[in-house]
Every structure is written in structure tokens, then in C-alpha cells.
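Read the single chain below, which is given as C-alpha cells and is the form predicted alone.
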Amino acid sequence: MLFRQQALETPHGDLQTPVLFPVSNIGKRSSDNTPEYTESVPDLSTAMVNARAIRNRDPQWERFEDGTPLREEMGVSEDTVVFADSGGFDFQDETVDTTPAKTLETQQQIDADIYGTVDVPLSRDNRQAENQRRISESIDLALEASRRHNGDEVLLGSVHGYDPETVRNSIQHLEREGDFDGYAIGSLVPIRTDYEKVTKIILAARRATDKHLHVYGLGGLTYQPLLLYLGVDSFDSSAFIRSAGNRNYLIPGFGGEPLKNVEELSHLPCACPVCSTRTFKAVRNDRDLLVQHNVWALALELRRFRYMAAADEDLEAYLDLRFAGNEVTKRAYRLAKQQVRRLT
């Protein structure tokens, strides 16, 4: 098993990994805004923000330029560790409209702790030549960021690829030519249902480097145990918001359950502060409460895995049970287990 626990030094304190970064839609005044959680979930003082989106919201950006701290704007404590990616997901259908210099300037201005380099995601709909061009462009943008970055913040080189060899070669090239604290694997969300492919790509990345490894966008309930097993150090997720928008109730070990399927119930099964003090109807009818519960569900999933490791339990046996009810994820885990055992 490749599960590991490390301490990542950041400007706002040491970060104990593995760790989840909930996606924060800071500044949005729409229905998918992020609830307050960093004070209520004590081991979740982390957030993932989109540097490009923040830069493009003129009134908010002007406040930052005038000296308003990001964490004050977010309503979180000063020691919250913030990961600012480049907003590359927006470039899936649009032309890249930023540069490594501009993105670094934005990340510095908002006082982020972890920087993701500018990247250009892949798409299954693209021709192979176009995806290869995007892979090369992301590498060039990462190397330019490496040359320009000289601060104390953690710099993660963003890497893309739809096969293990491409991802491994990309990381090894960046390691030779640049100076990175770790790497972040992207473009996996569009192929997330192909668990076997995703598992092979992540394992190739883990084998290519011993440095910090982040996976963009796959920090939901289903993937978390698999990422932990494969030795991923951090991951991010917006699943708690998107699921609540569909009135899906996240349950560790089960996934998401549409509450419309439940007719009569006095209380929900979770013992989190949201569910333990409110009736089923109160949570079901309040989207904000549902979002808050879903954050707790993601945090509890991670806590449970950490507990099993701290108690020196058989984690493979634990995961055998966790994936027993889903033939697709069970097959992906079995494949991962076979590959991992060959390495250890």
C-alpha cells in the first residue's frame, strides 16, 4: 500500500497530509456559493480557489489590490491554507487568456500558500494531436512559472495525460528542467468513470516522483479511499456543492443518495453537527444545511481512513469491504492492489 502521511511546509503553517481542499467559489453570489466550514470542521482549514476567476471579478480584485486580505474576504481564519490553481478548467473550451507571470502575480496578491501552474486541460473529444499540443503547452507554461517563482510558497507543476507513460514522462521532464515542490494531475474529471484508466495514470504519477502529489477534482466520496491507497497527498472537490444542488445526501461508504427517494424518516443517519440536531425534513428542505452536511461527509471519509491507519488496521481488508458493493470500483481497486503489491 502506498498510503503515506507527510507534513507540507507552507507560509501559513505546516499542513498535515493527506488532506482535502474543498473548492471555494469565493465572490460568487449565486446558488453554488461555498458555506462556512473551516471553523466548524477543525481539521479542514484548507480551501481551493480559482486565481483566474478572482482576478476577473473586478470589484473584488480592486479590494485585494487595496489591501483586503483574501482570508478576511472569505471569512476564514488567518491560518487557513489556500491552494490557488490557475483556473485551467476554464480553458477546456476557451483560449488561454493568462500567462505564468500574471497568474503568479495573482497568487502572490491573494497570499495563497500553494500555487498551481497554468495548464490547458485535455478532452476526449479532441483529436490526439490537439491533446498532445495541450500537454506540451502545459509543460512549457509550468517551466516558465518555475523560472519566475522565487518565493516560499509551494509550487506544483500541473501535468496532463490520458495514458500512464505520458504522465510519467511529463513529470520526469519537469523534474529535470524545472524546480517544483510537487505535481498536480489534471484532466481526470472527464474520464472519472473509467476507474481503471484513472488508477493507472495516478499510479504512474506516484511512481515518477516522491514529491507532493495532488489530484485535481477527484476528492469526492468514491475516489477518496482509492486516492489515499495510491499515495496521493492532496485532492480537491466541489462534490459537496454539486451534490446538494441535486438534493443528494453524501454518506461515507455509500456515496450520494437522492433525498427524493426517501419519504418517511425522522432523522438522517449521520451524527455530524448538522444532522444530529435537526429533523430529516429540516435538512432536506434547506440546501445550505445539505451542503454543510456534505462537507462533513467528505471530512469524515478522510478521518475514517486516518483512524484505520493510526489503529494499524488492515487497510486492504477495509477497502475490500468499502468497494464490495460496486463492481466497477471493486475492479479498479483490485487492479490497483495488484500493481501496488508488485511495487512493495
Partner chain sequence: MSDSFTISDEQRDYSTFGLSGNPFPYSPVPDDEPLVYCGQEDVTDRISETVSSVLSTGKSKHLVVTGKYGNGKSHTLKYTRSLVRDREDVLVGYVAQPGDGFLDIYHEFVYDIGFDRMQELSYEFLAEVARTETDRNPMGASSMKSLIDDGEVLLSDLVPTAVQRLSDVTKFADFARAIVHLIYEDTNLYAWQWLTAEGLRYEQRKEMEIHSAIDDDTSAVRAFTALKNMLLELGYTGVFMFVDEFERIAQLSPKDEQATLNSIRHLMDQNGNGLCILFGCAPEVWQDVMSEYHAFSERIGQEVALQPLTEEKVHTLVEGYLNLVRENGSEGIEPFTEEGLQVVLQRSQGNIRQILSICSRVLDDAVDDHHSGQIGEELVIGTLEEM
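Residue numbers count along the first chain shown, from 1. It should be emphasised that the depicted structure is a prediction, and the values quoted were computed from it without experimental measurement.
Keep in mind that the form predicted together with its partner chain is not shown, yet the notes after this line are about it.
Novice: At 4.5 Å by heavy atoms, is each residue in R247, T277 and R284 next to its partner chain in the predicted bound form?
Specialist: No, none of R247, T277 and R284 comes within 4.5 Å of its partner chain in the predicted bound form.
Novice: If we take heavy atoms and a 4.5 Å cut-off, which stretch out of 249-257, 111-119, 222-230, 172-180 is in contact with its partner chain in the predicted bound form?
Specialist: It is 172-180 that comes within 4.5 Å of the partner.
Novice: Select from the listed residues T209, S238, T99, Q132 the one whose heavy atoms reach within 4.5 Å of its partner chain in the predicted bound form.
Specialist: Selected option: Q132.
Novice: Identify, from the list Q128, N150, N261, T193, the residue with a heavy atom within 4.5 Å of its partner chain in the predicted bound form.
Specialist: None of the others qualify; the residue that does is Q128.
Novice: Even though its partner chain is not shown here, does E72 get within 4.5 Å of it in the predicted bound form, heavy atoms only?
Specialist: No, E72 is distant from the partner.
Novice: I'd like to know whether I139 contacts its partner chain in the predicted bound form, with contact meaning heavy atoms within 4.5 angstroms.
Specialist: So I139 counts as contacting its partner chain.
Novice: Would T166 show up as a contact with its partner chain in the predicted bound form if we use heavy atoms at 4.5 Å?
Specialist: Taking the distances in the predicted bound form, the answer for T166 is yes, it comes within 4.5 Å of its partner chain.
Novice: So in the predicted bound form, does F91 come within 4.5 Å of its partner chain, heavy atom to heavy atom?
Specialist: Result no; F91 lies far from its partner chain in the predicted bound form.
Novice: Going by heavy atoms, what in 185-200 lies within 4.5 angstroms of its partner chain in the predicted bound form?
Specialist: Sequence-ordered list: K197, K200.
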